[in-house]
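Subsequent text provides structure tokens for two forms of one protein chain, presented individually as structure 1 and structure 2.
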Structure 1
Amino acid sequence: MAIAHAPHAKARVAPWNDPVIRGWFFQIVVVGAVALLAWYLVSNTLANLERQKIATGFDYLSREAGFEIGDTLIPYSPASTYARALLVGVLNTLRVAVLGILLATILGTLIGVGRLSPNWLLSRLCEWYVELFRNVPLLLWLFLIYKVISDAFPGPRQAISLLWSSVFLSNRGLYFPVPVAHDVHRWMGVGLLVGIAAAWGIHRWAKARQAATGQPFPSIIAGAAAIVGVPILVWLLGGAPLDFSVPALKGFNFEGGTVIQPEFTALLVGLVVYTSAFVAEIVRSGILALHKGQSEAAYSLGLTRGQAMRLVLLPQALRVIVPPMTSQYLNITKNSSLAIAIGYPDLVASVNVTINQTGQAVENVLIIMAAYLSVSLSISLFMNWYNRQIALKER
């Protein structure tokens, strides 16, 4: 610093009147008390585990699990390890959470926009949808949907067959044909990635061209074409294999094809209808929060309705919508743990069986918490990043 000022003798402060010392004293007392409590609980726990002869540590993870899981994304058998059983659970949780987030956002946005419809009947209908679904526990919806599915649909032998006996609907789930695995599918995946990259490139190029020449380019259509077109092209080049594995009734159940199980369906439908009611409210208040002057200003500048929506209104509405939406996404992820009540094998269900078999509650509860915390933290980190991207720059 350029200023050279005479140092003044620092007046002496009695330590009990110094806010900094007071602050630290208070903090040390509180932290000490918390640490003492933690030590007390941990020592009790250790003593109890010792007394009840319960093993500690994570060694059990590499042992054979020995229990069946009905719905798996990766190969699993009772001979697999506990670690793999837990991984199956994590993947099942993620599957239902990701799909749930996607569908709840779409449905919720539709309902939310519907509530603002000029049509009186439609807006009332959407309002009652919201009130009905959010004022009753999710768990009750899950039970109801699950029971309706398993009671309303016939057994496999009387299954409802659709589309020339290729799709079957029964209380065992929805069976439908899938293509038989073929090398081309892997290349189609690569093609999809290439298509996405191309779409991004087109978007960047179109933006640059518009900035330079003022000429807009239909980058959305071109990008979509790239994303869909490249994999199809790869498939055609690979000889267009058309072998399907079609489900057929063998004994008491179907074989072949693939299945969406009723537990999964009930959980997904329950999560989606319940959460969409909350999403609808968020979307509605986001749109309502927009000042009317903003749309008027946009129209008076000569922007079309679509442009005004895309360039002026939506970016502002998103700013209001994103934070509460984040917590709804977190809620879906956490609520997917209700799976245990209707028998969908998610993480909590896997852990619950593991606790019952090994008796190691502490380690398993830690695993659940760590798994959900990391999912929750990743979602909130991503949403915070996104929020910063769209945040208003203020002084």
Structure 2
Amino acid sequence: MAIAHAPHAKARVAPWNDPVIRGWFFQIVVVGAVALLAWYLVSNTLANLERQKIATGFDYLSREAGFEIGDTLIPYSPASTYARALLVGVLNTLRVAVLGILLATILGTLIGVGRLSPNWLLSRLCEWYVELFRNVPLLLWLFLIYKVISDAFPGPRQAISLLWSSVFLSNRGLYFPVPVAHDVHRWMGVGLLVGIAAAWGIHRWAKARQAATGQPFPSIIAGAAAIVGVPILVWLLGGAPLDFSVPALKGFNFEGGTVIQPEFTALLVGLVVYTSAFVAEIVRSGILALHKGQSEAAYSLGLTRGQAMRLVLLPQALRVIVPPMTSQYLNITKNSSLAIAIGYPDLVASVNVTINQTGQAVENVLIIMAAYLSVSLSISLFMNWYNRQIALKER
């Protein structure tokens, strides 16, 4: 007969030797220590502010700002509130960041592809561009570009006249006509969104059609026609208003139209040329990471170098390019805070004036941190989503 053996009882482990209990204990201790430190810093800060009779809270945001902002995307005057002044700064920062990301991506991609060109001169020029711009601090480039723009052009009275005296270039910026506000312009904006959606749909349809039949479709041309054509069609249906506000010299400056100020130009150009040098190296390394058989296979199918780069190499290299590119997009957004050095009214500049007038530095610094954190997290979320979309799917 088989003799059944009773199972051995599991040896009991002392709580201080149990890895699970010990892990929880140390996590609770760390969280408690961080919370205690935060409570001490906050309470000590509030006590010091109260002792110095400095107001706290965000009630000041509803008070009149009382200072001018030279470049605004929305209506603003010194009678506006501090909250609106900060909103103007946020919008100016976003304008520079979005345009900088788009232009740096395009220029950096062209420079990166140019470095791989068999043309010796083009390759060397792209290499010198990268080494020149990425090895000099961005702040120095901003100072240099702003100084060149300020000294290269005359004052408003001697402004350079262009396009039948409707566009003027001076050291105060580029003045040009803009359409007078009309209700149809809102619908043109809606039409632009519809055109973008149509272009995306055309691209998806053309891609599926080519995969099924092998026949290509000029989706880029058709998409561009939709993006441009739909707003124009809306404009025509709305009566085609042609009233323009044209800049004209009055006194010591121009009135009417709109202006691209030299501070904005210097900041945007500096961010683009500096960041595009890093983007170029990311693009170049992403393409070089591909096996050379990919380009050889593309050429064997009869594709030109441009077609092979656009249809075969770059789409595959995106899986290597996108993650480090995210860091460069974040750098553009955060480096835009250097605008205060050349006088561009971004968020940091608006907050700096607000601190000087209200004395509430803690609240304003928290607003800056929250704004940059929100924008950076939004960029990261979008790029992570895009990275998942282009990732290889295992079957």
Partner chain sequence: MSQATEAGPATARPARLPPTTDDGFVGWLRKNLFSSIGNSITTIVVVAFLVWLITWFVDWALLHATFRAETGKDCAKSSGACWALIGEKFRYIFFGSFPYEQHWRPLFAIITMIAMLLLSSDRRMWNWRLAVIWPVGSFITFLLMFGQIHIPVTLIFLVALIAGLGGFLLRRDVADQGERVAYMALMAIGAVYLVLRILGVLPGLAIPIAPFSYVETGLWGGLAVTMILATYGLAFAFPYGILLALGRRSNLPLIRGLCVGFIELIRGVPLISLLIMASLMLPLFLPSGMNFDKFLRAQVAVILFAGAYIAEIVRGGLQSLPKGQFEAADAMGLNYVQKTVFIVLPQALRVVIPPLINTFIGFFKDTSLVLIIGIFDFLSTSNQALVDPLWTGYPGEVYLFAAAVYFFFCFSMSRYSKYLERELNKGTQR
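Numbers given to residues start at 1 and step along the sequence of structure 1. Predicted, not measured: the structure shown is a model, and the values here were computed from it. Whichever C-alpha set is largest while still superposing within 1.5 Å between the two forms counts as the rigid core.
A.B. asks: Which structure would you label as the form predicted together with its partner chain, 1 or 2?
C.D. replies: The form predicted together with its partner chain is shown as structure 1.
A.B. asks: Under a superposition restricted to the rigid core, does residue 33 display a Cα displacement of 2 angstroms or more between structures 1 and 2?
C.D. replies: Result for residue 33: yes, a 2 Å-plus shift.
A.B. asks: Superposing on the rigid core, is the CA of residue 79 displaced by 2 Å or more between structures 1 and 2?
C.D. replies: The answer is no; the displacement is under 2 Å.
A.B. asks: Core aligned, does the CA of residue 138 move at least 2 Å between structures 1 and 2?
C.D. replies: No, shifts by less than 2 Å.
A.B. asks: How many Å does the Cα of residue 214 travel between structures 1 and 2 when the structures are matched on their rigid core?
C.D. replies: So the C-alpha of residue 214 has moved 6.3 Å between structures 1 and 2.
A.B. asks: What is the C-alpha shift for residue 226 between structures 1 and 2, rigid core superposed, to one decimal in Å?
C.D. replies: A shift of 2.5 Å at the C-alpha.
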